[in-house]
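Before any questions on how it binds or moves, here is one chain, the form predicted on its own, in structure tokens.
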């Protein structure tokens, strides 16, 4: 089993430290979700893992080989992110068909028939210039490149940002089908957590340049609860657990709890219910803002 591994990664821009001693292992044959707030360091981390951005400190390896300036390692990785409609020379006048042709030469396992199928599915006019594409069409082109690359490790940075709900569901279905057929590794960074959560076998939560959690999604959520009831009863029930956020309205309190193991009963006088990945993430973020 191959591993894309980042060790002790630090990234600084001047006096600002964007990534702080990050350690991460991406195992092949899994679908990862990378979630975090704007500015948390998601894109910076992905660009370093794929050798598009040098780390200030630390190293990135694939199966033990350095990724930086290593064609063999990089040929197994596809990092698909939003295409710029503007270049330093003005509007990006490259046509979609030429953009895809360039991708075809870059990825050794490129599947031309699959690319054509995806172009039809997303109804892309390949004769259009990149500068003339809608945001949704731009997102679709990045998805086509990622999937048709057939790269062992395929990374998509906000792939559904410009897509409508129908196209987003098509994308999720395509990833599941491709994963089932090939066992490729996918890392998907997204703000649309609720929709994509069921895709993620493992979830990575990054905040302020640090990895807060990297866990099996199902196991993580099996330990997350929203405990509610009378204030005193809730405080008693959650004592000894990690409480990420609590909200009080009069004498009523609701707290988001992450236990070390699944909990069958928090005791009398309170109700407990499962927490979605999005709500757990929200509670963690609110907790950080409060400095709890």
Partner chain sequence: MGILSKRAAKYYFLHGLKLSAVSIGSILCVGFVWTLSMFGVDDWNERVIRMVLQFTRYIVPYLNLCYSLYSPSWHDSMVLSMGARRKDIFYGNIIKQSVFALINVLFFGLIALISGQTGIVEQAAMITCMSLFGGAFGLYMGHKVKKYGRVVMMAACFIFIIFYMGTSLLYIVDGGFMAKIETYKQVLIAGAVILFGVMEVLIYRVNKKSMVVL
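Keep in mind the model is a prediction, meaning the values are calculated, not measured. Positions refer to the first chain, counted from 1.
Keep in mind that the form predicted in complex with the partner chain is not shown, yet the notes after this line are about it.
- Figure note: of the listed segments 52-60, 247-255, 219-227, 32-40, the one touching the partner chain in the predicted bound form, with heavy atoms no more than 4.5 Å away, is 52-60.
- Although the partner is absent from this view, residue 69 contacts the partner chain in the predicted bound form, with a non-hydrogen atom inside 4.5 angstroms.
- In the predicted bound form, residue 186 stays away from the partner chain, with no heavy atom inside 4.5 Å.
- A residue is said to contact a partner when one of its heavy atoms sits within 4.5 Å of a partner heavy atom; residue 94 meets this definition for the partner chain in the predicted bound form.
- At least one heavy atom of residue 107 is located within 4.5 Å of the partner chain in the predicted bound form.
- In the predicted bound form, no residue of the candidate spot (122, 198 and 281) has a heavy atom lying within 4.5 Å of the partner chain.
- Checked against the partner chain in the predicted bound form, the residues 82, 178, 207, 111 give one hit for a heavy atom within 4.5 Å, which is 82.
- Proximity to the partner chain in the predicted bound form, taken as a non-hydrogen atom within 4.5 angstroms, holds for one residue of 74, 138, 193, 115, which is 74.
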